[in-house]
Every structure is written in C-alpha cells, then in structure tokens.
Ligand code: QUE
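This document starts with one chain, in the form predicted on its own, laid out as structure tokens.
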C-alpha cells in the first residue's frame, strides 16, 4: 500500500528570463503578495547573481494577480513570532529585508518595478529603491504603519525625505493612500503606464533599453491632487513635534481638521518616532537610514504598540487599539531618542 506524498508547496516567488530581462513575480496573490522571509531569502541571492550575469541587462519585478504588487511585509507572522517570545523572526525578518532594500537601492543595473495594484509598506521597499517605478491606474501606494503601531521603515526615512516639501512627513504620519499622479509627484514612481499596456511594455523591455521602452509607453497621469494641497501640507507638517502638527492641521479648515482627527487615532509612539526618524535621517545615505530604522524596529518589537496595532487591525479586527502611552502628550521625547541608540548586539550590517 503506497501512501500519497504531499504535493509540493507552490512557490511564493518566481524567477524567469525573458531576453535581456530577469523577471521577478511575487506569487502570493491571495495574500496580496505580502512579503515573507522565504521570499526575501530567494530574491536577494538572485539579484546578486543577476548583477554579475552579463546576459541580464535589466530586472523587472511585478506582482501576481490583479489586486496588488505587494501589500507589505508579512506582519502577521512577525506578530505571532513576537508573541511567542522565543522566535528569532522579529530580528531576522527585518535584518534580511533591510539588506535586500539596500541591495535594490544600490543595484547597478536598471531595476523596474511594475506597480499595478496595492503597494504598501514592504512593497515600497521592493520598488521605490529601484531606478524605475511604473504605476498604473490601479496602483494605490501608502505607508500606513502608524495605524498598526509601527513606523515607515524599509528605507522610508530615505525615500520619504526626498519627497517635495513636507509631502514625505504627510505620507509617513497619516498613511494616506495616493494614486497615479500623486505617486509620481511624491517621487515614489517615475512613469505612468495604463494597466492594459503592461504586457506590451514587458515585451518591449525584453529587447529594448529601458529608457526607450518606458518613454514609448508612458502617458501623462494628469494633475496631482497633492499639488493642490501642497501649501497646506508644507504649513501643517512644518512643526517639529507631532502635537504641533496636529494643532497646525486644526487651523487648515475641514481638510486639516479631518487629518488631525485621524492622526489622533494612531499610535502616539509611532507618530513621534516617525517624525523623529525623518528629522534624524534628513539627507542621509541609505545605509545610515536603514541602520537607524533597524535599531528603531527592534525597540518596537520589544514594545507594546506594534502587537496591539496588529491585534486591533488584523487579529480581532475591532479597530480599537489601546495604545501605551495613550496620548502624544504622554510620550517622553527622551524615550523616543533612546530608541535610536545602538543595540547591545546584532546591529544591521551589509554585504556586497
């Protein structure tokens, strides 16, 4: 009597060659292509290999399905590991993810991300650091970490800092979701291409230099709504403290008052840490940004609000987190600064 062997697990990430291209497909469509440690451990060495392969002239990364490029890191798995208290995933996941973010940022060949659907958090770490970022009419981009008791990581302090004016602080603190023209306006994308044209674009990229192919298919996304609010954003997000920003938003009419009310629901620790992160890393190199973010994320993993945020949003789904401290006024600025101090061991390091 023969027992049936278990079917092999479907791959979470797929690599292929198309002419001059190396193509990466994030293949967890039911999970909105959320990034797992296993996917990181496959992608990083493949990028190292392709960097030295003369047959690969450029790399394209995309998401499977029609809903998402990548909705972020697999924070549920990190939450469960942290709750167990004996699992190293809370360390290894971010250590290896941030090293991958840096590899993409420093990748010497054209790296083209196709953002056709949701791209949030860790999904931006896989895309915004690349040379070219294509968005479609279906793209929605956000760094929503403050709602789950975290902060905009994966190099967020590097790419949000490079947005015009105070747009980066606005996106990082509010977690606002932005679409095509706004994604480009914020510097998070370089080209707008209709979703229906992506197959033809991919074909063109397989035998044409990226600049020429992208120029051929790119279209005008229209005016950016963010631009219309730019003066308000620059005024309201100029104060050096989170409480000052909320007060300034209250003076910006219905638009600002709605944002102020929304910020008041987010983790006070996350808001204060996010703002401090952006201030500390202003115009820093990617390595310094990621090292600081790694110190910060390890302090968050040892804290309260991340686990409470995931519980409220993803586990119990009551959307009623009990933050600690419960108000911005109760957050000690010295405690926030201490979160950036060197770790006792296991600092983030990079390899080439």
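These numbers come from a predicted model, not from an experiment. Positions refer to the first chain, counted from 1.
Note that the form predicted in complex with this ligand isn't included here; everything after this is about it.
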**Position in contact with this ligand when the complex is considered in the predicted complex, options 141, 148, 236, 201, heavy atoms within 4.5 Å** = 148
**Prompt:** Exactly one of 268, 156, 72, 117 has a non-hydrogen atom within 4.5 Å of this ligand in the predicted complex; which residue is it?
**Reply:** 72
**Prompt:** Among 54-62, 283-291, 313-321, 39-47, which stretch has residues with heavy atoms no more than 4.5 Å from this ligand in the predicted complex?
**Reply:** 313-321
**Asked** Does residue 32 reach this ligand in the predicted complex, with heavy atoms at most 4.5 Å apart?
**Response** yes
